[in-house]
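We've got the same protein chain twice here, in two forms, each standing alone as structure tokens: structure 1 and structure 2.
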Structure 1
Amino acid sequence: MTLDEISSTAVRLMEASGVEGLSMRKLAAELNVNPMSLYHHVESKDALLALICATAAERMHMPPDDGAPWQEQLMALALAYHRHAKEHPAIWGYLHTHPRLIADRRLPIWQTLYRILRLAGVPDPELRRTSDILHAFVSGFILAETQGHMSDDPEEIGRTFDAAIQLIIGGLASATS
């Protein structure tokens, strides 16, 4: 049994029954191991949840540094984040009620966003503030969507999300020119 097997099984259980439905005992049963053996890999359920959240970006398709314009890369990152939030609502919800889990700016999602913001011309001293603002806007959109404050038509949500990201891109382009 590897840490990756534990994590992916825990994600599956978490998505099926929420954070409250995930327990070390249920996870062990799913993996067909003694519950105590899990503690050789993770010290607690909280540590397991932190691991799942920290590796969430690894399960997300991040835009590569391929020379594409920053606007396209920012749109790709926003779409990947949106898709991941929709595919893994329990993880997304847990992350956003435990901000310490996403505060580490060394996480791949932040490093990707910082790279894109630098391409857009955001000065290094402004990276944290700008990334926090963009994260708040995109997360707010996703929260409004998941709480039923928007159309339930997936095509309309897609168009609205695209429009929101285009507004963000336009504002960022204006602020950095």
Structure 2
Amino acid sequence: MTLDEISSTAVRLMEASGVEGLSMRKLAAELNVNPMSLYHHVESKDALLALICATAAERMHMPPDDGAPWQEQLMALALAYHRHAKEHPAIWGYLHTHPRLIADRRLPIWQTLYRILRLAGVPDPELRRTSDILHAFVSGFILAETQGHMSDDPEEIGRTFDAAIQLIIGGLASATS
């Protein structure tokens, strides 16, 4: 039994029945192993969830720099992030309620966001603050969506997401002009 097997089985359980559907005991049963054996590969349940989130954040595919205006690139990044979160709702739901787990600035998401914000004219000393704000905003949106606070109609949610990003773009433009 490897760490990879453990974490991919845990991901399967989460995708099947949410974070609350993942327990160390169920995970062990799924792997035909004693619950305590897991603790030889992972320090705790929290550590396992942190590992799963870190892996998901690392693997997230980022849109490349296509030379388009920053407004378009920011919209593309937001849409990619949103799509990714919707494809793995359990993991990203957990991650957005534990924002520490995505704090590592070397992650592709932050590198890409920094590049686009520089393009938008955000000065270097403001990059950290501005990227924190934008990520908090998008996190809050996705959390509201996954918790069913938004409309039930996916098209209306799409329009609302668009409007949200347009609002951010307008705000950034007015701050840097």
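Keep in mind that this is a model prediction, so the values were computed, not measured. Rigid core here is just the name for the largest C-alpha set that superposes within 1.5 Å across the two forms. Every residue number counts along structure 1's sequence, beginning with 1.
Asker: Does the form predicted on its own correspond to structure 1 or to structure 2?
Answerer: Between the two, the form predicted on its own is shown as structure 1, not structure 2.
Asker: Leu13: CA shift of at least 2 Å between the two structures after core fit?
Answerer: For Leu13, whose C-alpha is compared between the two structures after core superposition, the shift is 2 Å or more.
Asker: Does Arg83 show a Cα shift reaching 2 Å between the two structures after rigid-core superposition?
Answerer: It does not, since the Arg83 C-alpha is displaced less than 2 Å between the two structures after the core fit.
Asker: Determine, after fitting the two forms on their core, whether Leu22 shows a C-alpha shift of 2 Å or more between the two structures.
Answerer: Comparing the forms between the two structures, which are aligned on their rigid core, Leu22 does shift its C-alpha by 2 Å or more.
Asker: Can you read me the CA shift for Leu101 between the two structures, rigid core superposed, in Å?
Answerer: Comparing the two forms, Leu101 shifts 2.7 Å at C-alpha.
Asker: Cα shift of Asp46 between the two structures after core superposition, in Å?
Answerer: That residue's C-alpha sits 6.4 Å away in the other form.
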